[in-house]
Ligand code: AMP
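Only one chain is shown below, in structure tokens, and it's the form predicted on its own.
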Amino acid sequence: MNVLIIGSGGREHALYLKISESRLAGNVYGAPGNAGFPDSRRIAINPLDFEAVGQIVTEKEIHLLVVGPEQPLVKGIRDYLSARHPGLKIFGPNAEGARLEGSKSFSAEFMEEAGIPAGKSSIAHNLAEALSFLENHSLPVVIKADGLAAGKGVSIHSDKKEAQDKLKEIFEDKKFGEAGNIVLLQEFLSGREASLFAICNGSEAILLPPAQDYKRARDNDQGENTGGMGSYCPGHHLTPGQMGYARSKIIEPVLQRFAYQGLLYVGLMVHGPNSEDISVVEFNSRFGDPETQVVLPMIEGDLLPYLLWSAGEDIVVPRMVAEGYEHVPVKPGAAVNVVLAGRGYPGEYATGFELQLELPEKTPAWIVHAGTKKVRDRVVASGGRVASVVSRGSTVAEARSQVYAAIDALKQSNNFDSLEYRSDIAANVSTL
């Protein structure tokens, strides 16, 4: 069968690499893809031009559409194409389900109504309302733009003046455009974050191994929030009991309310060792980036049947059972990735410089492209997060060592004056 992956980032290239391994896969295309996709498999269209996507579905005889980024889902690509291509299988929720990511106020109200553990939120529709809420809010306070902000719409403030300035920046300076028309002031949750993924088919959910990502731009979790600077899998601090609790108390209400199909990403805060010591930080309606780069290599066997199962195909998929939840079979060991970003990211960053993203033969690591494109047969940087270096090892420590050794090898053929990366990804778990 032919597969079309919508998107152009690291998540989409990671999906391409995993799906291409499947015995079920025919031609696997990326729209628009990046330089990691073969030239013959890149289709230069705008993922938000649903009519153009539909034309490609027909021309390339696509059986399964895999939607990578959030914007097409929130704007209703599933609804649009399902109505016009009834035989097409689509991996990703409809617009109603994608509102869990597309509107943080909608998500907060749903979680309160469903009794899902989460930080308490105040929803402000203008600056005056937000400043009023802030006066009586405990510190630190989490400020979130309501809409999509490329992973950069969340900030944490321990100083009231700093929080006031951020609110003015959002409402008056329109830092996030329409995404900041509504703002949440949310209770700060302490603990460690974990990313949990569930593949859902409308009534059932199968969990993938949890991951840990690193949002801050600089070592030791300093600097601005980014889309993610690295990750490792499995995230050892999320216990099996907590995964079972998340399945019954968080994911199940989503299935019941939305008949959710696709990938449900649950961003969790882990407060302690007990099953109930978790709270939801956010929902996303698609695979996370950079977590996808380490989660997919840890899945034992073929990913494609799970995507088809989620999209409504009558197909039997392998499942393992543990402590009240079902999960995919997982390989032993661990995977680690480190993101190479244009210097200055997430602010003003370099682009347009040439890249040599090929590792020496037999290197126990590989490259996942993200912000790259082909220009006259040369690979050049086109985005903030350029690529990920990924490795799998018997332990987190081994995988981490292999990743950083591969980065050192890349330095021999690249000008790293235009690139930067964190040197501490998975360092806190390097003994495992």
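Quick caveat: nothing in here was measured; it's all calculated off a predicted structure. When you see a residue number, it is the position in the sequence shown, counting from 1.
Omitted here: the form predicted together with the ligand. The next part is about that form.
Item to complete: Find out whether any non-hydrogen atom of Asn225 is located within 4.5 angstroms of the ligand in the predicted complex, and reply yes or no.
Response: Yes, contact at 4.5 Å.
Worksheet item: Glu169 near the ligand in the predicted complex, any heavy atom under 4.5 Å?
Response: Result no; Glu169 lies far from the ligand in the predicted complex.
Practice prompt. Give a yes or no for Ile156: in the predicted complex, does one of its heavy atoms lie within 4.5 Å of a heavy atom belonging to the ligand?
Written response: Yes, contact at 4.5 Å.
Worksheet entry | Close approach of Val142 to the ligand in the predicted complex, 4.5 Å, heavy atom | Val142: contacts the ligand in the predicted complex.
Practice prompt. Given that the partner is absent here, state which listed stretch (329-337, 184-192, 81-89, 240-248) has heavy atoms within 4.5 Å of the ligand in the predicted complex.
Written response: So the stretch in question is 184-192.
Worksheet item: Here the chain is shown alone; which of Arg257, His236, Arg343, Lys215 has a heavy atom within 4.5 Å of the ligand in the predicted complex?
Response: Checked against the cut-off, the match is Lys215.
Practice prompt. Answer with one of Ile123, Ile299, Ala350, Met269: the residue that has a non-hydrogen atom within 4.5 Å of the ligand in the predicted complex.
Written response: Checking each option against the ligand in the predicted complex, the one that comes within 4.5 Å is Met269.
Worksheet item: Which residues from 278-308 come close to the ligand in the predicted complex, meaning a heavy atom within 4.5 Å?
Response: Heavy-atom contacts within 4.5 Å come from Val281, Glu282.
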